[in-house]
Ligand SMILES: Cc1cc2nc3c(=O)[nH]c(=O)nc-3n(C[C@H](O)[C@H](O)[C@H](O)COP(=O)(O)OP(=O)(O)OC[C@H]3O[C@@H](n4cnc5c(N)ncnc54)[C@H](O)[C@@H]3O)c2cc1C
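Shown next as structure tokens: one chain only, the form predicted on its own.
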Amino acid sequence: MKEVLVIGSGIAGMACAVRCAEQGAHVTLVSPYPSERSQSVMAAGGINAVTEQCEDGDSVASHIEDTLKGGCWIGGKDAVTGLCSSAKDTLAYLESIGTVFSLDQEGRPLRRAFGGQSHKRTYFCGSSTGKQIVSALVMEVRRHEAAGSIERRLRMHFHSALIESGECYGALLYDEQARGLVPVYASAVVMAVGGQNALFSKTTGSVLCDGYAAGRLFLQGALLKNLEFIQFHPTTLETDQKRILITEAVRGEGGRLFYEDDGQRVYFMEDKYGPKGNLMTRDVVSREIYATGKNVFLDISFLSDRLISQRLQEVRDLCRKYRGIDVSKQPIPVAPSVHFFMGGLAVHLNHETNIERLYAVGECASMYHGANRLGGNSLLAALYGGRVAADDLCAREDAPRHPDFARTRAREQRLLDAASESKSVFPVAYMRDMLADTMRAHMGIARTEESLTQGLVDVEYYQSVAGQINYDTSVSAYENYSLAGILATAHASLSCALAQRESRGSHWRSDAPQTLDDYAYATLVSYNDGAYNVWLDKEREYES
């Protein structure tokens, strides 16, 4: 029986695990926390698809065109074609496992518009699409658990891959209960660990998605791609703990952005881009908000109470709970915030990395979105990518007998134990806070060569002292050992942004505002003995 190790139990990880189990594989599904705590539950807006009920004039070809255009033409055409062509089947699969989509009074599926779309093609489950899909997939996983084809292992963190001669044979996991490293061998390893929110700390996403796995695999020889492309969601609400996402569905239902000038409302997006100005792509709206230099608001007070209650209830509840705002009477103060990472592990069309039998799916894989993701495409990509990886790895021959990694495990365990002996007065949490300050300052909406260079100087300093700081034994060892990988991801991200001397999609160089044909390729970065090497994928080996 084929043994598959899936690390991460959000939508992408569960979709992959279920698909593998359906094809006769045995899956070990690993995560620190239950799926209900994954970032996937935060996806509120919906999922894109062109079906028989599509809007007049819409088509799969139009979905493909919108996705490629939104990604500024560096998304791989073959990859995007597969994604969009499968969307109808993906939606049907979700319904077959119990996902309940919103319907109109005549029982027809409702659709809403998202930014960058030429037609309304985003299906949704009220304001909790991600939660609905997670719940449906959790039940599928439990069904396969009962049959013995999926084994869940909670309170386990990824430590490193077991790699020899360019081939992956499994992973070392940190077991919180045993407080030690455990090897898990497999015919294939699938990473489904999300994006890199912890690099910035206060984002719309979960800081449990911290970029460590990508950084550690990078140090082990995996290529990373498109790290300069970080999507800022234009409409988020400030709270003490984080930035709360005000879903794009609000603008899809008619919400209007404005700022005040001499007591008068200025609907700046509509003034510049016309009636559909509020639904420009997220990179455009974020830059325009940034450029106003003013406090910006999102107004839905003119919408009917029934529409708000039926389609935007979660937004109403969040605004009332965290800021005391009644959206039916008051506008919502909004500002852009880090939201999604188009960059991550470089993968081929089958979602395999440059390391054989090591796959990546979901947000940790750089695939489909190019320089900017369209709203509604992330859930689609997570489901589709997880199933593509499963089909590929299940169709190939089993891995040969794995080498003996006992010495590797012993060495890594000694390093973990030694780290707890540091006497530095600076704890890991302090350095992670400094890193977040650096990334917010130098990898924001507007970037310059001077600022990016200073960011690299800061990160290189953090890396130089990381081995000497205080590793607090009162917290999970993961919080300690993950620092090196997180710093590597930050360094690689800044290196990619510095190398790209143009502006494209979510990467805006205010000192190089033009978009140049010379840079119309994905960015790759590798690590070799301390060197971060960046180049353009002109051979298009890694479709994005």
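Note that residue numbering begins at 1 and tracks the sequence as displayed. Here the structure is a predicted model, which is why all the values come from computation and not from measurement.
Here the subject shifts to the form predicted together with the named molecule, a form of this protein not shown in this document.
Proximity to the named molecule in the predicted bound form, defined as a heavy atom within 4.5 Å, singles out one entry of V250, L379, M342, A360, which is L379.
Contact annotation: of the candidates C72, A222, L245, M269, the single residue with a non-hydrogen atom within 4.5 angstroms of the named molecule in the predicted bound form is L245. Segments offered: 30-38, 59-67, 493-501, 508-516. Contacting the named molecule in the predicted bound form at heavy atom distances within 4.5 Å is 30-38. Using a 4.5 Å cutoff between non-hydrogen atoms, C54 does not count as a contact of the named molecule in the predicted bound form. At a distance threshold of 4.5 angstroms between non-hydrogen atoms, A484 is out of contact with the named molecule in the predicted bound form.
Of the heavy atoms in F114, some are within 4.5 Å of the named molecule in the predicted bound form. A residue is said to contact a partner when one of its heavy atoms sits within 4.5 Å of a partner heavy atom; I11 meets this definition for the named molecule in the predicted bound form.
Contacts with the named molecule in the predicted bound form, taken as any heavy atom within 4.5 Å, map within 192-209 to A192, V193, G194, T204, G205, L208, C209.
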